[in-house]
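First, one chain by itself in structure tokens, the form predicted alone.
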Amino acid sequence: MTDERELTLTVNGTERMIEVEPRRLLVHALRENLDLTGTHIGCDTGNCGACTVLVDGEPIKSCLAFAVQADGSEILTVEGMEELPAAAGELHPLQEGFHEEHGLQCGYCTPGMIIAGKALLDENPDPDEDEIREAISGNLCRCTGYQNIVRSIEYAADELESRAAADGGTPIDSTNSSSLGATGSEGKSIDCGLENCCGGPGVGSGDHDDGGSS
């Protein structure tokens, strides 16, 4: 007899109920239970960051979290970016930036990069290049390098700032901002299992000694 648990997840603003085994990983619940295949599975070890989603505003590598750990949480996947206020019914400035600055490359890492960029801009709307590189240092790109990705996030920061100015200075896209720290909405911790994996290792450590070039 399969021991399944019923979970309630608010995914991209919509409450969803699913039944999963306790061992089911969050990334599989998103892709296979909810058909949200924009979240990719790259390495299955938490190193590549392709599976990054926001859980209660915090970037989480969903291949390292059980779905049951996210019960009751708000989750943002790449599919939800266009639904955010900053998108205004079109592409979110981060998605637009990846298009305009050719940050897409093969595209496999892009969902995780966009979500990592979203987490950064929620915390720091005006990051410098080093801060961007550090923020995405937990996400690997195996194509031609990180320069275009960095420019894409810089583009989004500029675009969000200009839209906020045009809106009278009201911050746009405050949804999913990280006001809860590393603790979920019901007081439970989301542990990815790797040291500093949610923010990624800092530039100059681990897999990112080159500061982002590949």
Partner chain sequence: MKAAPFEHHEPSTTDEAVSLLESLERPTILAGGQSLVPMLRFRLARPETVIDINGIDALDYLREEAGFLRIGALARHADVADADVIAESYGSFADTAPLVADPQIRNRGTVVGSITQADPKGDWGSVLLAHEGAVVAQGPDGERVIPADEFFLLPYDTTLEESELVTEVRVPTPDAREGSAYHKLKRKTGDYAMAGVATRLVFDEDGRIETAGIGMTAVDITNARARDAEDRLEGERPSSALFEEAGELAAEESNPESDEHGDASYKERMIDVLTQRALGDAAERAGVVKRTVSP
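Residue numbers count along the first chain shown, from 1. All of these numbers come straight from a predicted model, not from anything done at the bench.
In what follows, reference is made to the form predicted together with its partner chain, a form of this protein that is not presented.
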Contact with its partner chain in the predicted bound form for residue 28, defined as at least one heavy atom pair within 4.5 Å: yes or no?
yes
How about residue 137 - does it come within 4.5 Å of its partner chain in the predicted bound form, if we only consider non-hydrogen atoms?
yes
Is there a non-hydrogen atom of residue 22 within 4.5 angstroms of a non-hydrogen atom of its partner chain in the predicted bound form?
yes
Going by a heavy atom distance of 4.5 Å, is residue 60 a contact of its partner chain in the predicted bound form?
yes
Partner-contacting position among 158, 167, 35, 44 - heavy atom within 4.5 Å of its partner chain in the predicted bound form
44
Neighbours of its partner chain in the predicted bound form among 52 to 69 [non-hydrogen atom within 4.5 angstroms]
52, 55, 58, 59, 60, 61, 63, 64, 65, 66, 68, 69
